[in-house]
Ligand SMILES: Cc1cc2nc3c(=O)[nH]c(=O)nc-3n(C[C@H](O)[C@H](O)[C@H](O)COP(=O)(O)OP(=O)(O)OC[C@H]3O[C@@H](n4cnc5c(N)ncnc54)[C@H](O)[C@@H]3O)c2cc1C
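Below, in structure tokens: the form predicted alone, a single chain.
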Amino acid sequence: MAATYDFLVIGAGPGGYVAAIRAAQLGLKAAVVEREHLGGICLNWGCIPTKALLRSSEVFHLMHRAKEFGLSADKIDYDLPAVVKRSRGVAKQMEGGVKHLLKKNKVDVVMGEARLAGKGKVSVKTDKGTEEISAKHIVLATGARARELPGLEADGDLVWTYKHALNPPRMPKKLLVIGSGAIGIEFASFYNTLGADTTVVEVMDRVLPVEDAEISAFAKKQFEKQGMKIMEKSMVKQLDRAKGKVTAHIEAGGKVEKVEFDTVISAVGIVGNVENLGLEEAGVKVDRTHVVTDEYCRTGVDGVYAIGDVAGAPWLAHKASHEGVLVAEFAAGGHPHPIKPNSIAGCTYCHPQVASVGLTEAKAKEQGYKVKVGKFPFIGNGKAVALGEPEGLVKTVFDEKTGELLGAHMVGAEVTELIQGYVVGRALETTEEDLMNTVFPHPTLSEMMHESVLSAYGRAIHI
């Protein structure tokens, strides 16, 4: 007899497992189908293990600066297999945590490959055969994978995707990173810090192209100080592979230059996992590898929802989790608020870190706002100087007419933690006056957030 559920999720990543747990908390009988790892790409091959690697490179970088802090450290070195082993251990621990949470909340887990099989039905291929599951609400949370361009496909030896870069067969000596979004620049930062001669090629006119132009320019200057070569408005046209080397044909300014590398990391975006799910037969619309949804994550097919990376930008784990909660509450008869993409923070864990929420200065002007812009440098903050992290910038963008906080943009130490202050401010529809009247503790990096607001209105104290 087929199993029957109120709520069935396909995919146990940060969107899927959260959706299932929230549904169970709301009294729905819930299950999740996963074909590979509980926790999905984010937890096993994305957000978490990359942060573990980056933490190792950050400590390695600080060890080289020991003398600045009145300390001594001799014969500084690293053991790449041990660094990777720690990263994989962190991922394994977190996967175990997800397993525990699902069990604790009485969510059934079915390991296998799922496919829509008619109204309210899902067919799952497991190692024991095929079983059919019925559910009133079905959530597609299948995530995404690395985009591969013709001629630039990964082979795991000379050309890597993020998966290969997380479990590398060797330490690159001369590294090419194609793409300077969050994934590309994080790996560039990691390997460059460990000593790889690193070149980043970006097709757009600046690195971290989704960020505010001023933040991108600041970050680029820091990357170059660290020895990275940054090539903007450039494109890798071809990779010639030979034993132990790759010759990249890089087009810039109408000219093609051939440059030799021993390793290439391709980070040119992602594509949604929409294949073999029976979407077309079910009537679920797909646009450029992503499932089309409305503001409540509904696909237009009764009882079928899509959340997270498979449902399109922004491709962020926290967006997926929040959508998972929204769908569970909607399915349980609640009235959740739709998610506002502009109020979701983006974080990049390179060195220095980059974080932002809302509109860039350019976008705000494009949309017709008359803006007030405030900026505050890390060098003016006592805590930043005491930490030995004086390089950074906080920038805030306000609507001159209403005082609404339109956007906030940061580069520097720990900004991925600081950004949430502005996220909360936007969620509470705060104005410049509210932020100015808020008392920020001293000495903290967060004081720069206050000063940036004051700066927008000509009231900054420490610059």
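All residue numbers refer to positions in the sequence shown, first residue = 1. These numbers come from a predicted model, not from an experiment.
One more form of this protein, predicted together with the named molecule, exists but is not displayed; see below.
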| query | finding |
| --- | --- |
| Option from 449-457, 8-16, 21-29, 435-443 whose residues, in the predicted bound form, bring a heavy atom within 4.5 Å of the named molecule | 8-16 |
| Position in contact with the named molecule when the complex is considered in the predicted bound form, options 147, 318, 92, 375, heavy atoms within 4.5 Å | 318 |
| Single option in 41, 406, 413, 419 placed near the named molecule in the predicted bound form, where near means a heavy atom within 4.5 Å | 41 |
| The named molecule contact in the predicted bound form: residue 114, any heavy atom under 4.5 Å | yes |
| 4.5 Å heavy atom contact, residue 231 to the named molecule in the predicted bound form | no |
| The named molecule contact in the predicted bound form: residue 53, any heavy atom under 4.5 Å | no |
| Partner contact for residue 141 in the predicted bound form: the named molecule, 4.5 angstroms, heavy atom | yes |
| The named molecule in the predicted bound form - contacting residues of 43-69, heavy atom within 4.5 Å | 45, 46, 47, 50, 51 |
